[in-house]
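In the block that follows, a single chain appears as structure tokens, in the form predicted on its own.
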Amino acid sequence: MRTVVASLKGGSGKSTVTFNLAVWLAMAGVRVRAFDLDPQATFSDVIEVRQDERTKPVLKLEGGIDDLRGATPGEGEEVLVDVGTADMDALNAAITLADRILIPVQPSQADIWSVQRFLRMVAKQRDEMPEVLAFINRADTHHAVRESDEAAAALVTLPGLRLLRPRLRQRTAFRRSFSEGQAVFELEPRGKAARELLALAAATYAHILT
């Protein structure tokens, strides 16, 4: 399955999520075909750090959009693509090729509006809508703050989108593990961030676990 992690909003955390999901898939014995189509190349950078540290399982990136066009996943394979608005041609091509799209959404009204625009953009690119998933990223950590719940309530009303229930909260563990080329569940396997990421991975790739 080709899963494209994308957003119209910069700084949404898509590279962090893509990297953590790629490590999780590799640990699950899945062959990961990873693509970084974002000129900012953050996904490429973290994989390079991981390779320098010789951390296993080893992740490698494949080529550009032409390679993605030929990347039909075989049995036991998953294609994972990180792409953003810095290269609109790549974003449009990835949308056209996606079996499904995963959108990290920060809890703000601006992000909800961005998701609405993104859904319209996808609908224009495709004769038939792919599966579009979203989840709340950098959610509130204090129970008295309700912005994440309000964002989730808004997302479930958007046609053509399915909200995943697991949330990733605003935790330093994500930034620290990323800078060391490790998934958060490798650096702090018993931490809250690890539990959140594993729940998201299980929801995103339920077909692998069944």
Ligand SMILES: Nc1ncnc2c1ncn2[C@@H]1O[C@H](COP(=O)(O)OP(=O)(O)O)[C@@H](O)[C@H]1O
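What you see is a predicted model, and the numbers here were worked out from it, not measured in a lab. When you see a residue number, it is the position in the sequence shown, counting from 1.
Same protein, other form: the form predicted together with this ligand, not shown, and the subject of what follows.
**Student:** With the cut-off set at 4.5 Å between non-hydrogen atoms, does Lys56 touch this ligand in the predicted complex?
**Tutor:** Contact with this ligand, no.
**Student:** In the predicted complex, is there a heavy atom of this ligand that lies within 4.5 Å of any heavy atom of Arg162, even though the partner is absent here?
**Tutor:** Contact check for Arg162: no, nothing within 4.5 Å of this ligand in the predicted complex.
**Student:** Given that the partner is absent here, does Arg69 sit within 4.5 Å of this ligand in the predicted complex, heavy atoms only?
**Tutor:** Looking in the predicted complex, residue contacts with this ligand do not include Arg69, since no heavy atom lies within 4.5 Å.
**Student:** Is Ser148 close enough to touch this ligand in the predicted complex, meaning at least one heavy atom pair within 4.5 Å?
**Tutor:** Contact check for Ser148: no, nothing within 4.5 Å of this ligand in the predicted complex.
**Student:** Pick from 113 to 121, 130 to 138, 71 to 79, 92 to 100: which stretch has a heavy atom within 4.5 Å of this ligand in the predicted complex?
**Tutor:** The contacting stretch here is 130 to 138.
**Student:** Which residues from 1 to 37 come close to this ligand in the predicted complex, meaning a heavy atom within 4.5 Å?
**Tutor:** Lys9, Gly10, Gly11, Ser12, Gly13, Lys14, Ser15, Thr16 sit within 4.5 Å of the partner.
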